[in-house]
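Single chain ahead, written as structure tokens, the form predicted on its own.
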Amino acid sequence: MSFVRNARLLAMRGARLGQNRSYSDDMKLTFAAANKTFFDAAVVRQIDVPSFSGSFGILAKHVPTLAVLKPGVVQVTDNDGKVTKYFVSSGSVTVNEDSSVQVLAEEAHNIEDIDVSEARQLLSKYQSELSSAGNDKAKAEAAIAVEVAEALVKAAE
């Protein structure tokens, strides 16, 4: 087969795939953690998430995506432009073809509810645990706790 014919076949297949997708102009967010459900299929304008592959924003018609959340701030902008920020310790984010988004966090809290002095105390505690850890497992656990506490302090400031 010639290059031109192959290119035409690929273009036609791509067009058919694009026609089959059911993108929506509204983005519905479900955002939950073990401690609370923050949004349940709520229509929002934008979601910004921290992931290990880099922070990114999500709008309606975003390409389907699956990412692992790193400790940091999830920012939700509603349709009126109001921004709400949440600290997440870890979790996952799934963006679906129908413009629905699921943010599932191990732990999440509204930034307004975080006491920066308590966050600093936690960081100090975990840094001490890291420096006094006696084995590799204890060091790894303490290093993860330090990473989360550092992100918590940064979010609260």
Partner chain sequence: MMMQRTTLLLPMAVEATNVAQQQRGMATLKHISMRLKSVKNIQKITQSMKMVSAAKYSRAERDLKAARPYGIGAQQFFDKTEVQADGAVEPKKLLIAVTSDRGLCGAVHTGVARLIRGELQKDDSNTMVFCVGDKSRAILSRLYGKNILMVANEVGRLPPTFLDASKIAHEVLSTGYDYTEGKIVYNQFKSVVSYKCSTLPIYSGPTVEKSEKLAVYDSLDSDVIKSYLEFSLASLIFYTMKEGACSEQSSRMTAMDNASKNAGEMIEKLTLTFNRTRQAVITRELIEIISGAAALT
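Every value quoted in this text rests on a predicted model; they were computed, and no experiment measured them. Residue numbers count along the first chain shown, from 1.
Same protein, other form: the form predicted in complex with the partner chain, not shown, and the subject of what follows.
Chemist: Ok, 60, 33, 122, 111: which has a heavy atom sitting within 4.5 Å of the partner chain in the model of the complex?
Modeler: Checked against the cut-off, the match is 33.
Chemist: Since the chain is shown here on its own, which stretch among 112 to 120, 42 to 50, 126 to 134, 94 to 102 would lie within 4.5 Å of the partner chain in the model of the complex, judged by heavy atoms?
Modeler: After filtering at 4.5 Å, what remains is 94 to 102.
Chemist: Is residue 54 close enough to touch the partner chain in the model of the complex, meaning at least one heavy atom pair within 4.5 Å?
Modeler: Judged by the heavy-atom cut-off of 4.5 Å, residue 54 is well away from the partner chain in the model of the complex.
Chemist: Note that the partner chain is not shown here; using its position in the model of the complex, name the residues of 39 to 77 with a heavy atom within 4.5 Å of it, in sequence order.
Modeler: Sequence-ordered list: 40, 63, 64, 65, 66, 67, 68.
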